[in-house]
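Given as structure tokens, the chain that follows is alone and in the form predicted on its own.
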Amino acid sequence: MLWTHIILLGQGAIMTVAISAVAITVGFALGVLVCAARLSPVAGLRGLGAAYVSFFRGVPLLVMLLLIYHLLPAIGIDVPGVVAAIIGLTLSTAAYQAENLRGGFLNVGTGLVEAARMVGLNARQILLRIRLPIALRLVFPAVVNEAIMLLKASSLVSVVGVADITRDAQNLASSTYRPIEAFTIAGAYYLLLNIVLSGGGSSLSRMLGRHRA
């Protein structure tokens, strides 16, 4: 019986990992664009970037998921719950990742940039060879932390009918009348996934540190 429950929730774990991986990847790409807007010399773009970050960091993720899930069909866009879940998670994490990236760029030493200009590098070369690599190294721990937070927050997608770990645990608890067992297994899955993600992030961070050295 226990092994059967572990296998059933394992299917939800696959969905959780898939949704989280897509959201964190696409969210990072969107976060780069939002960060660029936040750092733009154009006041209008800075305002749009700030408004995006303020909105998606200010609205609870649960509310955002429900809003997207019900809004899209209302405007004639019929998508599965999993697509609505990915959209909500992506838009939310992009706001946090944009701020992480902005902090990284702002912490790049001005002395390095001035030195690069003195040796004849143009703005594009300085961005690609100096500012971007340093900023990415600085924000890498924050990106890993955001991925862990997103993985845990993905449990909320169960409210829009996505068969993730939490949803499968709820169904299992309802059908077997053994909620403690079901949610204990679910918690163990989340813990295991976060340990793997944290360990992988630490290993990559050490590799980046050795490369920098």
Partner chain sequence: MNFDPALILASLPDVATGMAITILMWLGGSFMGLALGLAVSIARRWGGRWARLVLDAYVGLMRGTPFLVQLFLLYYGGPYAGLDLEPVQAGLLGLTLYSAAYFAEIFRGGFEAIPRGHVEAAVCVGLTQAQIIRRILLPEMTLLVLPSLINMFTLLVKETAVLSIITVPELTMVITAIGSANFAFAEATFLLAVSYWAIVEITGLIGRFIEGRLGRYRLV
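Keep in mind it's a predicted model, so treat the numbers as computed, not measured. Residue numbers count along the first chain shown, from 1.
Beyond the structure shown, there is the form predicted in complex with its partner chain, which is absent from this document and is the topic of what follows.
Visitor: Whether residue 37 contacts its partner chain in the predicted bound form should be assessed with a 4.5 Å heavy atom distance threshold; does it?
Guide: Flag for residue 37 set to no.
Visitor: Is there a non-hydrogen atom of residue 196 within 4.5 angstroms of a non-hydrogen atom of its partner chain in the predicted bound form?
Guide: Close contact is absent here: in the predicted bound form, residue 196 is far from its partner chain, nothing within 4.5 Å, heavy atoms only.
Visitor: Closest heavy atom of residue 47 to its partner chain in the predicted bound form, within 4.5 Å or not?
Guide: Looking in the predicted bound form, residue contacts with its partner chain do not include residue 47, since no heavy atom lies within 4.5 Å.
Visitor: Can you work out whether residue 96 and its partner chain are in contact in the predicted bound form, taking contact to mean some heavy atom pair no more than 4.5 Å apart?
Guide: So residue 96 counts as contacting its partner chain.
Visitor: Name the residue from 172, 144, 26, 156 that puts a heavy atom within 4.5 Å of its partner chain in the predicted bound form.
Guide: Only one option qualifies, and that one is 156.
Visitor: Let me know the one among 14, 191, 204, 22 whose heavy atoms come within 4.5 Å of its partner chain in the predicted bound form, would you?
Guide: Selected residue: 191.
Visitor: For its partner chain, considered in the predicted bound form: do all three of 108, 113 and 200 come within 4.5 Å of it, counting heavy atoms only?
Guide: Looking in the predicted bound form, the three residues 108, 113 and 200 all stay beyond 4.5 Å of its partner chain (heavy atoms).
Visitor: In terms of non-hydrogen atoms within 4.5 angstroms, which of the given stretches 136-144, 97-105, 68-76, 121-129 touches its partner chain in the predicted bound form?
Guide: Checking each option against the 4.5 Å cut-off leaves 68-76.
Visitor: Would you mind checking 174-196 for residues with a heavy atom within 4.5 Å of its partner chain in the predicted bound form?
Guide: 177, 179, 180, 183, 184, 186, 187, 190, 191, 194, in sequence order.
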